[in-house]
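One chain comes next, on its own, written as structure tokens: the form predicted alone.
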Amino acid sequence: MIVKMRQGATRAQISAVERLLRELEFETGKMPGKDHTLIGVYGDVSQAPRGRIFEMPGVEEIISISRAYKRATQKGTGTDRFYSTFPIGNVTIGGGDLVVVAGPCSIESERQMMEAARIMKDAGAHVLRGGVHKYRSSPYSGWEGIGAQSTDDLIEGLRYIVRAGREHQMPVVVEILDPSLINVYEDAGVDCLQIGEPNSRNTILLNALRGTDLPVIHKRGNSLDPEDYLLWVERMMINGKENIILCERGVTGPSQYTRNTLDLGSIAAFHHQLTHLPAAIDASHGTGNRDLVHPMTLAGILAGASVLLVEAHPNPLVAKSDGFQTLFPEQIGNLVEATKEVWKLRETIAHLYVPSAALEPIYEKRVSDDRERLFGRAKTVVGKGTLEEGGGDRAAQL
């Protein structure tokens, strides 16, 4: 259940509602928005005294939520959506600006990261990415990351990307595999943690991330239904964590030409219907083909993504991992320029999107009249003849 406070509700009014709910032994989570503050209510809300709550000063509306992912669900109405905003370092996520997170698949050396950071910054990217430990299904696959051998090596790799990010005024995102190392990433100065697809359902890791203040990019598992995915995201949010970015990186599909099948429909569903959390698209992993990253990233923006994850390298031909899907420096620069234009287009045409919830009440009032106007008076078959609905006279025999 969501308690929506009126525009201009005072802090005292909001606190009073929260205090009452806690006295009634419900858990609450406050979500301040631009115009309204929402208060999430968790527990057996069937027992909540809705009338008493609704009569409190400053309360505008009580919204029932039927979905199982109570915290991740969209908190607004069909015509008045609510979206979370939060920072990654000095970059705002979920606001009015598009955010590009770019960098190599893996951290390979200090010089490589410094050069990569310069290229990403010059291209117009906002956040620097890189991995210290890579997943490999086969022990013979080769490079497993600069931090794969020991914690000391991992710390050294983190030092490389954090230093490169600071040098070029870019916050950094690094994937984490081990819940026991969260404090190591925090102490190293990492600005955002990433959960890769193989760990999308890692209960121990997701539970541990409840306790960090760092934002989290959570990549959707390649076999997860969108709402099942949101339940795994919900696991991180139990104690009130809200700074989470959803990331579509492709699902298992019939195509053998692309690495995965990018589910643009789910990005649209996340943005327009299911959740208040910002959505990202990772077309690098979604296609596995550097020449397809550009068009699919642009498609993701129009579908609803406001965060873009892109792999780029000073020279993908010498990259130690995923070079085949990694952009050349010129490509990342051109892509960022193209994303700016598509973002402007999306903002320009946003008013043309009309949710069904805004129209259904109008058309519901017209159902009876339109049914008769469009289809004529309905006829009911009786025995061997027909009766005109509402008429009572026997029609011609069949």
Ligand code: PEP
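Since the model is a prediction, treat every value here as computed from it, not as a measurement. Each residue number is its position in the shown sequence, starting from 1.
Below, we refer to the form predicted together with phosphoenolpyruvate, which is not included among the displayed structures.
Phosphoenolpyruvate is not shown here, but in the model of the complex it comes within 4.5 Å of a heavy atom of residue 196. Taking non-hydrogen atoms only, residue 71 never approaches phosphoenolpyruvate to within 4.5 angstroms in the model of the complex.
Residue contact check for residue 105: one or more of its heavy atoms lie within 4.5 Å of phosphoenolpyruvate in the model of the complex. Of the heavy atoms in residue 191, none are within 4.5 Å of phosphoenolpyruvate in the model of the complex. The stretch that touches phosphoenolpyruvate in the model of the complex, counting heavy atoms within 4.5 Å, is 126-134, out of 312-320, 266-274, 126-134, 112-120. Annotation for 244-278: the only interface residue with phosphoenolpyruvate in the model of the complex is 249 [heavy atom within 4.5 Å].
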